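Only one chain comes next, encoded as structure tokens, the form predicted on its own.
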């Protein structure tokens, strides 16, 4: 796994652990960024090209996400190099081995991410007893099944839309990364009258300014197929999703999909970051210059970790979803007000809000980040 340039500052990382087992073909990394507010919660990502640097950036995003949501948890992230569509028995063996190797790292609580789901969390819980978003059969609140992150994105859209004069009824929406997060974001926004005019996955982009058949897209994906397999569809290239004119553009896949090289192709009024770190800093600055409002990842997509933290604390499903709406609406309002009042980017306002909470917690810790 490529090491890359691992970012670091006074907030963290507190710990970086690499796990390698040649015989099993296991290559993984855990980054515990900051646990001043409590044990870290962060997803386990499985992908063929993950790096230590990406893991560290995602761990920092979780530190800010948990702090911004005012959760009693710090930030961490784990990544495992491999094909997320590997046979289930192979994935189970790797995840159990990875979790077992990290069984004593009690400052980290596993959660689902790209390439992992509630079933995977069940394996890890069985192995070490430390995971969230468990299957309902194990007493968990299956956040991907219920769409906790997508539910939060809908609340972010409502608040941000009101702030910029954008009605959700009839709003044209594009989802880049039509998977666990993107599907539910599209579904919850459709309930408010938004129209899905573009969607992409790892194989294709589908567009229709009159509105795509959301039910058909969802059925195709849940059958284990690609958007390229949607009946009577005319699939375009994957990156064509950037060019679809819309009111709301939701990146819900990998990091850095919008960069300085392609940001000017984006034609939208509002970007809701459903994925973690989907836009580079220079891209966000360019969007702001063009008058596009961007709600940062750790503000907009915190529904999943809020749900996970509530599950960890023993809350009910109803209480978890009420907390998602309350916390995300409050944070979006606070970030946009601070952004306007100080003349800074929404991300700068969000980082300031979250970092202040982390630093305040660090004042009460003997060793700061620990």
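None of the values given here were measured: they were computed from a predicted structure. Numbering follows the first chain given and starts at 1.
Below, we turn to the form predicted together with a small molecule, even though it does not appear here.
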property	result
Residue (of 285, 91, 130, 221) lying close to the small molecule in the predicted complex, criterion heavy atoms within 4.5 Å	221
Whether 247, 271 and 295 all lie within 4.5 angstroms of the small molecule in the predicted complex by heavy atom	no
Distance check, residue 179 to the small molecule in the predicted complex, heavy atom within 4.5 Å	yes
Residue contact check: residue 216 to the small molecule in the predicted complex, 4.5 Å heavy atom	no
4.5 Å heavy atom contact, residue 252 and the small molecule in the predicted complex	yes
Contact flag, residue 202 vs the small molecule in the predicted complex, heavy atom cut 4.5 Å	yes
Contact segment among 100-108, 138-146, 258-266, 186-194, judged by heavy atoms lying within 4.5 Å of the small molecule in the predicted complex	138-146
